[in-house]
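Quick heads-up: it's one chain on its own, the form predicted alone, in structure tokens.
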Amino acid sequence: MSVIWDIQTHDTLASTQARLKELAFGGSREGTGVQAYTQTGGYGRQGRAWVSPPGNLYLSLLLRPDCKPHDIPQMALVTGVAVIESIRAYVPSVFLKWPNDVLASDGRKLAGILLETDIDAAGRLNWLALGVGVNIASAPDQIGAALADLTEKHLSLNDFRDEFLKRLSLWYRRWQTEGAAPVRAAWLYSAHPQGTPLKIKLGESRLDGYFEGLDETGNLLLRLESGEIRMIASGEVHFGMNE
């Protein structure tokens, strides 16, 4: 069954993610969403500030998937596929970077994904708060790219949002009914090539190697210079090596 979305829109919020989590703790149903046209305290992974001027998509969605907590990171892949399919209607030359970024062909960031969860004392997932930010009208200098700068097609913020929600519903349902395999295949189809040099920050340590793909559950596979394949379940990924 497809998700029935119920999106609450606000001119300004501190954070769509913070507001959605309040609704989640209050028992709101799956499909509840919060969109703001600007944010004063938006954030991404590891609490990094997400600059939020008008004209971009700032959206948080409440999901209650029937899955084990260790499968939740796969939702970053599900969401990445839905985002990049929506972007490709305007800009074809884009690609995915594990675990949660959509990049323009020159490596600048077009979109990011944030997953936050509530797990009960028995280890069961209560809910997932899925945050999505897409640079549509503008982007931070140097590190970011905006769709409006990469296409001459007409761009409507809410039309883009609705297309993304449609695609996310389809991929979410497919993930729940068919498992990770089709999502993994679709994600790899849109990712940077196998053999791309990567450096992975793991807390205070770092691994250098080459992109080998994803394992069956969506973890990153890194091929070291020695030929050893390392499985990476979480980490901060950058392009290049030995820098």
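All values reported here derive from a predicted model rather than from experimental measurement. In this text, residue numbers run from 1 along the sequence as written.
Only in words, not in the display: the form predicted together with a small molecule, which the text now covers.
- Heavy atoms within 4.5 Å of the small molecule in the predicted complex map, among the stretches 135-143, 160-168, 106-114, 76-84, onto 106-114 alone.
- Within 4.5 Å of the small molecule in the predicted complex, a heavy atom is found for none of P99, N219 and G235.
- The single contact residue among G44, P53, P65, G179, judged by any heavy atom lying within 4.5 Å of the small molecule in the predicted complex, is G44.
- The small molecule in the predicted complex is approached by Q39, whose closest heavy atom lies within 4.5 angstroms of it.
- Residue contact check for A191: none of its heavy atoms lie within 4.5 Å of the small molecule in the predicted complex.
- The small molecule in the predicted complex is approached by L59, whose closest heavy atom lies within 4.5 angstroms of it.
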